[in-house]
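To begin, one chain is listed below as C-alpha cells, in the form predicted alone.
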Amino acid sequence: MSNRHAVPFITPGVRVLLALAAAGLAVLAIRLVWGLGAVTNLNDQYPWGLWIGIDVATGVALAAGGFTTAFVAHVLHRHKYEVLVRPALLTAALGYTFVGLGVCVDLGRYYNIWHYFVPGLPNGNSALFEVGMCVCLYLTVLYIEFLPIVCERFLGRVNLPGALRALNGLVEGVLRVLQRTLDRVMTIFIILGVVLSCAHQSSLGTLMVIAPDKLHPLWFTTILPMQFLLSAFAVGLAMAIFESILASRSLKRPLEMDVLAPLARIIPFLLTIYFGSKLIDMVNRGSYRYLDDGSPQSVAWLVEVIVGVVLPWAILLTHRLRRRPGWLFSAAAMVVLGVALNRINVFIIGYKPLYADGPYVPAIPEIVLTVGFISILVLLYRAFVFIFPVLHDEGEVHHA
C-alpha cells in the first residue's frame, strides 16, 4: 500500500467542498438548537423527507460496496478484486457513520437516541428496531475490518510526543497483538459484515411494506425487501467502480481497468435479476396500468428504470464499451443514480399520507445540510486516503 500522491490535499475542488461543508454544519447547528421546524418543511403528515430519502435510505444503498466487494474477493476467493476492497470498505464505514448521523438529525428528540440502547425501552417488534440494530452491529464490524489498515499505517512508526514517548513500546506491542489477532479472526467479521448488511439492506424495504396505503402501487409490494437487497448487490459493485475511477482521476493515478472491466461483467446479470423481479411483480399485481396515467410517479418510475437499469445494462453488456473508461464510468454512475432514484421514489415521490394537505417540497436548509453532509464525507474519504494505506501501490500486480 502507498500513501504517496501526485497531488496536494488542498485543491480548488476541496475548497468548494469545505465551503459546502461549512454551510451544512451551520444548518445543523440551527436544527439542533431551534428544532426541525426552523429548517425543514416536515410536518405530521410528512414526518420524513429528504434526510431519510437521501441521507439514510440512499446512503445505505450506496455503502453496499463494502460487503459486495468483500464477498467477491474473500468469500468467492476472487483475489484479483482485493485492490477494490479497502476503498469500498472505507466508503461503507463513512457512509454508515453518516447514515447514523442522518437518523439523529431527523429525529425530533435526537437527544433521546440513547433510549434505543437500554433494554426494555425500544420496541423489539418494530421494523425500525431491526434496522437500527443492523446499522449499529454492521458499523461496529466495519470499524473492526478497518483496524488492520490502522495497524499497517502505524506499526513501526509510533512516535508519541514529549512525555508520552515512554509509551511508544507499549503502543507498538498493542498494535502487533491486535494485528495478529485480527489476521486470525477477520474471516468471521467479513462473513458477519455480509450477513448484517444483507439484513439491513432488505429491512429498509420492510419499513414501506407496513405502509401499503401510503406508498404508490408502482413501488409498493410485499417483496420490496428483496428488491432493495437485489438492487444493493448491483449498486455495490457499480459504486466500487465509480469511486475507483473518481479516485484515480482525482489523485492522478492510473486506472485499474484490468480489474474494473471484468468486475463490470457481473453487474448486468445482477440488474437482470433485479429488474426481472420488478416486472414479474408488476404483472402479478397489475400495477403496470399506472405507467401510462401521466402522473409524476409514472414518469419517475420510467426515469428510474431507463436511466438506472436499461441504459447501463446495454453498455456493460457491450465488450468494447465496457473496456473504455468513459463508458464504464458512465454506466456505473447510471446504476448509482438509478438506485438513488429508486430510494427517493419509494421514500419521497411515491409516499403520500392519507390526509396530506399538499405535497412535500424540501426546504432550502434541508438541501444545504444534505449537500454539506455529502461534502464532509468526500473530504473525510480524501483525508483517510492520504493518511492511511487504503489504495494499493501503483506497481502492484493483480492475480486471479
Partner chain sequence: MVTRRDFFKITGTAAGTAAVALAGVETAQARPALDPDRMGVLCDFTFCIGCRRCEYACAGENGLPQGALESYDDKSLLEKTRRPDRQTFTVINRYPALAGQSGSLDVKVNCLHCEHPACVSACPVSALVKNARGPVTYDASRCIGCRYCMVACPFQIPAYEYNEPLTPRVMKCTLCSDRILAEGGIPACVEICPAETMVYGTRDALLKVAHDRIRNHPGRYVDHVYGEYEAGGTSWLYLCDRSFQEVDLPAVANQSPAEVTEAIQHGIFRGFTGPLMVFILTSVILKSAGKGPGQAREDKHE
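Numbering follows the first chain given and starts at 1. What you see is a predicted model, and the numbers here were worked out from it, not measured in a lab.
Just so you know, the form predicted in complex with its partner chain exists too; it's not on screen, but the next bit is about it.
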Residue among Asn123, Asn168, Ser295, Asn284 with a heavy atom within 4.5 Å of its partner chain in the model of the complex: Asn123
query: Which one, Val371, Ile344, Leu32, Ala26, lies within 4.5 Å of its partner chain in the model of the complex by heavy atoms?
result: Leu32
message: Heavy atoms within 4.5 Å of its partner chain in the model of the complex: which stretch in 267-275, 301-309, 156-164, 210-218 meets that?
response: 210-218
message: If we define contact as a non-hydrogen atom of the residue within 4.5 angstroms of the partner, is Phe129 a contact of its partner chain in the model of the complex?
response: yes
message: When the contact criterion is heavy atoms within 4.5 Å, does Pro362 count as touching its partner chain in the model of the complex?
response: no
query: Is the gap between Thr206 and its partner chain in the model of the complex 4.5 Å or less for some heavy atom pair?
result: yes
query: Hey, in the model of the complex, does Leu42 get a heavy atom within 4.5 angstroms of its partner chain?
result: yes
task: Counting only non-hydrogen atoms and a 4.5 Å cut-off, give the residues of 97-111 close to its partner chain in the model of the complex.
output: Asp106, Leu107, Gly108, Arg109, Tyr110, Tyr111
